[in-house]
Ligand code: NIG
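We begin with a single chain expressed as structure tokens, specifically the form predicted on its own.
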């Protein structure tokens, strides 16, 4: 099957010239192609051809996208989409001045969602999560990461990962599973950290690896969660079980998380709102992706990660929603791009690189997705505009009108 997506106003290819990454200021070099169409064959981007030549060629299917812009399929690399229950009451507490840590210490926060997830059946979770995935797809997202982390017991973490695996079989996008059993300590092990860590190391990680339930092991390094030493122990076990590593760190406090992540060559470190200058230099010299989550800073009303310093020091920057019920109840990725531009001084081009090729790097998938380059998967987001800056300028407005995964249209709002 050979398809032609023709007459685009502009193709924003995010061409990497084979490097499959956009470090530092190179994130501003998107590469735009005008007066060309895209040829797709057997799920792969086959060629870019001038519009003047398409009339002399034969295709099995032609899709006219005149006056539209083509971007690589967006990559959402950090979400906690697998949850149920509401924490709207905590939002009221936040508005009265309570901090994220204060709410957690009072028994709210993550453990409130844990209770709801434990009480939900497999089918209930599946039904609750599906509309969220549909919404992500409508935005042009063709690869979606989802973490566990709201079960915090052997049975409930496995239940969440099995739900994510089922969702991946239902949807045509890539749904990438991350095991986040080290999210926080569940109430029953609040005073016995060693026992819970042993459950993670000796029971959960081997089962997850054997049954291919997750691609990554993640953890939360924070005073109210896991210490750097505890994460070092968990990560060593995860590596033995063949899982790649990612880490929530430097969100509220600096307690050694970044050093632990770099020691283990984690694919990404996520949050980084309190990253200091020395850490910026260390991170920028590594291949670990800095996944920045401005929705959390917006939602919790506190400082933003030092995006400009990271970019200027040649770091690899990705952006994500961190969609979750407590600290970033935001599922709109283009709103996150707007926040990054307005609040973190990122250019429009840098935000696009951050939700395409660099987000793919955070998932270790940069060789097949994240840019429109010949030989890669034909994943595309098609926006109803002739100027790509509109995507970031139109705050929270979804301009995506077509989502294409492996050359197949999976969402179409062209009318």
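What you see is a predicted model; the values in this text were computed from it and never measured. Residue numbers count along the first chain shown, from 1.
Form predicted together with the ligand: not shown, discussed below.
In the predicted complex, residue 246 stays away from the ligand, with no heavy atom inside 4.5 Å.
In the predicted complex, the ligand sits within 4.5 Å of a heavy atom belonging to residue 150. None of the heavy atoms of residue 288 is located within 4.5 Å of the ligand in the predicted complex. Though the partner is left out of this view, residue 304 does not reach within 4.5 Å of the ligand in the predicted complex, counting heavy atoms only.
Three-residue candidate spot 251, 271 and 327; every residue lies within 4.5 angstroms of the ligand in the predicted complex by at least one non-hydrogen atom. Of the residues 171, 220, 298, 189, just one reaches the ligand in the predicted complex with a heavy atom at 4.5 Å or closer; this is 220. With the partner omitted from this view, the residue of 167, 208, 110, 275 that lies near the ligand in the predicted complex is 110 [heavy atom within 4.5 Å]. Listed stretches are 76-84, 304-312, 128-136, 191-199; the contact stretch with the ligand in the predicted complex is 76-84, by a heavy atom cutoff of 4.5 Å.
In the predicted complex, 183 is the single residue of 158-189 with at least one heavy atom within 4.5 Å of the ligand.
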